[in-house]
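Okay, so here's just one chain, in structure tokens, the form predicted alone.
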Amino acid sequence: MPLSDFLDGLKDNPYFGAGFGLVGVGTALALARKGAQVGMVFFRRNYMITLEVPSRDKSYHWLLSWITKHARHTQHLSVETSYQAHESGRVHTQFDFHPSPGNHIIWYGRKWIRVERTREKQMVDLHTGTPWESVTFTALGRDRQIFFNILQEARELALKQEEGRTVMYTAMGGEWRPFGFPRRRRPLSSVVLERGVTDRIVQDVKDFIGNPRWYTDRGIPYRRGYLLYGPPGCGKSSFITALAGELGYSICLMSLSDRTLSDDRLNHLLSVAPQQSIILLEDVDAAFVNPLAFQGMGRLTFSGLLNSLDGVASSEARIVFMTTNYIERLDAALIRPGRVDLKQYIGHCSHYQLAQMFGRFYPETPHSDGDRFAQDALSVHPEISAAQVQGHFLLHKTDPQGAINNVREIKE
């Protein structure tokens, strides 16, 4: 019998006495409710364990995917619509369903786990306009290991989804967020540079990654900077993308021309970049026509960029690639050793590159055809970029002789 019914029965019992009254019953009910509340608080503190994960935490999106996988029978969903552009130009629409804000029950590790996804309607991210969210896991017991298992499983699930792909990040406010879907890794052999250039850069990067102790023992900051310079369309960005795929790294793409980028924000972003990632600063010459051009409140300054790259507060365990079409426009202070440790010119195609590219596009043709194409192309176009050659090959996908005979049609 419920406690309230029992107390109501006492109140109506003539043997109990009229003195008990409504006040006495109300007091008893209040005490009973208070006791139940105290008992519940005691039970939660001693026999339940909770984990809260805010949306700004790196594992938040991993956990949303994990929840989606385990809460298959939930009927309350929210959708995230995204578009993926294929290399052919076709755009594919993808719908990702996640459990909507509210409570969801999951059976995991022989335990029932309550998952509460909450959304703060009064608070939004000023940079993205999205509301702040959090996910709270509640389970019986006091063993934290179940949450470690969930986080590890969510991480492995995310890595599996990204396996064989390169994740592109872009700066959103003070954090890095994935940009589009992970891209299929580009083979390093698909970018043909001058003989020996690829091996030189790859060996240098791998030597840096594999020898952190060497830097520590000698008191040298553990970071490495690279500058690729040369005419546009010659493969600078393509090579960096292929290098990231070769290393199994992601790419953090940042534009120094972003008018919202300040010294503090740049320093913070470089410090919180995802592990095993390449930070790519493209067209650095366009950011500072004059070293004093962007001096002022809330803007990136030239001195702020220099300090972010190798100042006292700059982060370590970092690989930065910069690209430029006009190295002569860069201040000497920006590309001195310590900020840029290796400079490499990526120029117009040589005979070697053209012959190799021909062989890659038309693998069944003899080597002599590649040499003939290279010779004919250079006789007509002494300075030709890899992008121009690739565009020409795409016009003659299945016609290698047509590609040779029509070298004059390569677009300038």
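When you see a residue number, it is the position in the sequence shown, counting from 1. Model, not experiment: these values are computed from the prediction.
Omitted from view is the form predicted together with a small molecule, to which the following refers.
- Among heavy atoms of Q401, none comes within 4.5 Å of the small molecule in the predicted complex.
- The small molecule in the predicted complex is not approached by P178, whose heavy atoms all lie more than 4.5 angstroms from it.
- The closest heavy atom approach of A244 to the small molecule in the predicted complex falls outside 4.5 Å.
- The shortest heavy atom separation between L354 and the small molecule in the predicted complex exceeds 4.5 Å.
- Heavy atoms within 4.5 Å of the small molecule in the predicted complex are found in one stretch of 255-263, 330-338, 108-116, 183-191, which is 183-191.
- P232 is the sole member of P212, P221, G141, P232 with a non-hydrogen atom lying within 4.5 angstroms of the small molecule in the predicted complex.
- Of the residues T301, S237, S134, N307, just one reaches the small molecule in the predicted complex with a heavy atom at 4.5 Å or closer; this is S237.
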